[in-house]
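Given next, in structure tokens, is a single chain: the form predicted alone.
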């Protein structure tokens, strides 16, 4: 059974299209027999993807720092809940427990986690697939910035294969699970 880490936002003040995509992803993970590894929250897209995955029978592993337990309304119904002391410890555990990473829409935390996964893959610490689920072009500007990094010499174009971009949940899971 593959373990897929999903990075995504914890805000409830987002457009319905992002909520719908999180629910679709949770349901599709369960359908494919994958385990969800995620940030352990019960709000925003985090909560939606976890509840949808569990409702369809997927195992859910939540990893959340103690400091965020109250703030993010921790999902105590996780099959496995790991409470860490720091964000760095959280990211390390999520990385260790995962075979692949999918980035749904999200904020600074989602970007931080996804960029770290790309960076440690670039440095050879893992070869796990990393997929941006580009719902309605959400990541278009970030992907354009990556192109600027290549054009300006701050990153070699040879690093472009470190991540992939999907426009649908099914495509994201195909990329994540088939490469993992």
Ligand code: AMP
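These numbers were taken from a predicted model, which means no experiment stands behind them. Numbering follows the first chain given and starts at 1.
Only in words, not in the display: the form predicted together with adenosine monophosphate (AMP), which the text now covers.
Of the listed positions (120, 68, 155, 52), a single one reaches within 4.5 angstroms of adenosine monophosphate (AMP) by any non-hydrogen atom in the model of the complex, namely 68.
Heavy atoms within 4.5 Å of adenosine monophosphate (AMP) in the model of the complex are found in exactly one of 127-135, 24-32, 53-61, 112-120, that being 112-120. Though the partner is left out of this view, residue 164 does not reach within 4.5 Å of adenosine monophosphate (AMP) in the model of the complex, counting heavy atoms only. Looking at residue 168, you'd find every heavy atom of it more than 4.5 angstroms from adenosine monophosphate (AMP) in the model of the complex. At least one heavy atom of residue 87 is located within 4.5 Å of adenosine monophosphate (AMP) in the model of the complex. Residue contact with adenosine monophosphate (AMP) in the model of the complex: residue 75 places no heavy atom within 4.5 Å of it.
In this stretch, 34-60, the one residue having a heavy atom within 4.5 Å of adenosine monophosphate (AMP) in the model of the complex is 46; the partner itself is omitted from this view.
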